[in-house]
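Read the single chain below, which is given as structure tokens and is the form predicted alone.
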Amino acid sequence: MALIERYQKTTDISYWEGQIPMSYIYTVGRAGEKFFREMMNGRIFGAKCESCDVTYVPPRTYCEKCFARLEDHYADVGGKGTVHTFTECHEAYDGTKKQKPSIVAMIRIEGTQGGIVHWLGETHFKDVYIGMSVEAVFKAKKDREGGILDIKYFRPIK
């Protein structure tokens, strides 16, 4: 087929019907590993670009503005942030109805770019608003496993 010709039917192109068996290993990468290791210590870490003066949460390996390497520029960004957007969930991940709805929000950590999607706690849906100040509530140290769920939820700062 010449470069300027087009396929008339998508079935003229090779395709696979059914399932493709494959196995894979997903890793969080070096920046993600630092982020989750620090979660075990009750801290949220970001990666700071000295050139752009931007701190990314979750941390990245390279700055998305100038492509500077950020791997050696991790910093504790604290646990306070603001609600960027939110919703109320009435179903669990498997589609079953929850006994009590939960609130999920995109939290922008103070002084950073990016954010964390997580639950809100110690509040009611009617009281949540965009721009609301919140702080991370971590599980007890003995219960932390080095994952995002080491943060139980974010609660309003009174």
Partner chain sequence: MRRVAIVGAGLTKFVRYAQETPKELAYEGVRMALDSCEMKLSDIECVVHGTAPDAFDGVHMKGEYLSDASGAYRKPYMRHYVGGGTGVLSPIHGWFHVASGMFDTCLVVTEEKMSCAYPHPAGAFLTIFDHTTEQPLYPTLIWIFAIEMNRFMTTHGYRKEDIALVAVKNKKNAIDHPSAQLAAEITVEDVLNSEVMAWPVNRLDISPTSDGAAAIILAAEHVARRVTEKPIWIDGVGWALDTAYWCTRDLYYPDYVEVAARQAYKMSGIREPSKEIHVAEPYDPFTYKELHHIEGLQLCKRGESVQMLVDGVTQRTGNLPCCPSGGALGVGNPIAATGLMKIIEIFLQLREEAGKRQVPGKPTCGLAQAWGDLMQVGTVVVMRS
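Between two forms, the rigid core is defined as the largest C-alpha subset superposing within 1.5 Å. Positions refer to the first chain, counted from 1. Only a predicted model underlies this, so the values are computations on that prediction, with no experimental measurement involved.
Same protein, other form: the form predicted in complex with the partner chain, not shown, and the subject of what follows.
> Would you kindly say which of Glu50, Glu122, Glu91, Glu33 lies with a heavy atom within 4.5 Å of the partner chain in the model of the complex?
Only one option qualifies, and that one is Glu33.
> I'd like to know if Thr61 sits close to the partner chain in the model of the complex, meaning any non-hydrogen atom pair within 4.5 angstroms.
Flag for Thr61 set to yes.
> Taking heavy atoms only, is Met22 within 4.5 angstroms of the partner chain in the model of the complex?
Because a heavy atom of Met22 falls inside 4.5 Å of the partner chain in the model of the complex, the answer is yes.
> Might Tyr129 be said to contact the partner chain in the model of the complex, defining contact as any heavy atom within 4.5 Å?
Looking in the model of the complex, residue contacts with the partner chain do not include Tyr129, since no heavy atom lies within 4.5 Å.
> Going by a heavy atom distance of 4.5 Å, is Ala68 a contact of the partner chain in the model of the complex?
Yes.
> Using a 4.5 Å heavy atom cut-off, which stretch among 91 to 99, 40 to 48, 104 to 112, 22 to 30 contacts the partner chain in the model of the complex?
It is 22 to 30 that comes within 4.5 Å of the partner.
> Is it true that Met22 shifts between this form and the one not shown by 2 Å or more at the Cα, once the core is aligned?
Moves: yes, 2 Å or greater.
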